[in-house]
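Presented below, as structure tokens, is a lone chain in the form predicted on its own.
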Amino acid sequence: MKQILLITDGCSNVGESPVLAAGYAWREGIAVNVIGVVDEGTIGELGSREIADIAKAGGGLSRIVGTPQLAQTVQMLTRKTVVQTIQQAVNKEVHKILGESSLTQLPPEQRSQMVSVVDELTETSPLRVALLIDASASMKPKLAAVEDAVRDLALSLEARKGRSEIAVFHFPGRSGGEDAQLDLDFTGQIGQVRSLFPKLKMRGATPTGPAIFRVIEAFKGSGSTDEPRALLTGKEHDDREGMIGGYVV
């Protein structure tokens, strides 16, 4: 199972639409969860809508929280998306075998057995999580809360029975000239995330869509998303600031 966990506090303003990018991720089998971090105020109507639309297009979940709730929310969304993915797969099998549309339509005893199977698979299935952290200037006051949340997530992943891998990206990249910068490539050594945060530099604009495409490239390995990006957006990719592409949900 593959997830992108995007942590951000505002609206994207550079490059392709993040909703379009999330939709492409979902078609590639990568769920996109989004956490909007609010501190003393509101993220605004536009930011709230964008956060919800990214998650919807990416087959994931979204939450808008204050910094005190961030750590709990990061763990909850990661686990809930795993459960959701497994339930979808189990529902398909139930439908094929028994002609039922979902677990909820099974008799109580069978439903209880299937729920136990889902719970077991949640803990044992291989999981790859790519953290994508908004490091634009407005996130600087929230960095300590993000750091605590990621460390708690690391503990949660380390406690799973199944193999867990994590990668960490932040955006914008060096001097704002990259879509996203890879801080930690996919690894089963989850504890390595604890040493990353002192290296983060908060700066610049918010290229959320291009950053999501960059993470998809990492999931795909040596494959490039440049051609799909051109097909989706109707233009060749470049790193210059520009209009956000139209939303597709």
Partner chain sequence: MGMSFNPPYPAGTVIKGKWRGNRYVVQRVLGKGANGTVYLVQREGRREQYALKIGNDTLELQSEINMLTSLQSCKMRSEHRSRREMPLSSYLLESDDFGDTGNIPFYVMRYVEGRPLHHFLAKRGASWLGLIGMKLLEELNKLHVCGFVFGDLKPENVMVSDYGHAELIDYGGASPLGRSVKQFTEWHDRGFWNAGSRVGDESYDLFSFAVLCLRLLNEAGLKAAAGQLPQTRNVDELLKLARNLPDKQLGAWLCVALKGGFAGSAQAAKVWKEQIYSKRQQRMETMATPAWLKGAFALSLFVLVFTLYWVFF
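Residue numbers count along the first chain shown, from 1. Remember, it's a predicted structure, so these values are computed and weren't measured experimentally.
The form predicted together with its partner chain exists for this protein as well; it is not shown, and the discussion that follows is about that form.
J.: When the contact criterion is heavy atoms within 4.5 Å, does Lys96 count as touching its partner chain in the model of the complex?
T.: Although its partner chain is absent here, Lys96 would stay clear of it in the model of the complex, with no heavy atoms inside 4.5 Å.
J.: With a 4.5 Å heavy atom cut-off, would you call Asp152 a contact of its partner chain in the model of the complex?
T.: Looking in the model of the complex, residue contacts with its partner chain include Asp152, since a heavy atom lies within 4.5 Å.
J.: Check Gly66 for me: does it contact its partner chain in the model of the complex (non-hydrogen atoms, 4.5 angstroms)?
T.: Gly66: no, not in contact with its partner chain in the model of the complex.
J.: Contact with its partner chain in the model of the complex for Val118, defined as at least one heavy atom pair within 4.5 Å: yes or no?
T.: Val118 belongs to the contact set for its partner chain.
J.: Is its partner chain in the model of the complex close enough to Pro126, Ser164 and Thr206 that every residue in that trio has a heavy atom within 4.5 angstroms of it?
T.: Judged in the model of the complex, none of Pro126, Ser164 and Thr206 sits within 4.5 Å of its partner chain.
J.: Where, within 139-173, is there a heavy atom within 4.5 Å of its partner chain in the model of the complex? Residue list please.
T.: Result: Glu147, Asp148, Arg151, Asp152, Leu155, Ser156, Ala159, Arg160, Lys161.
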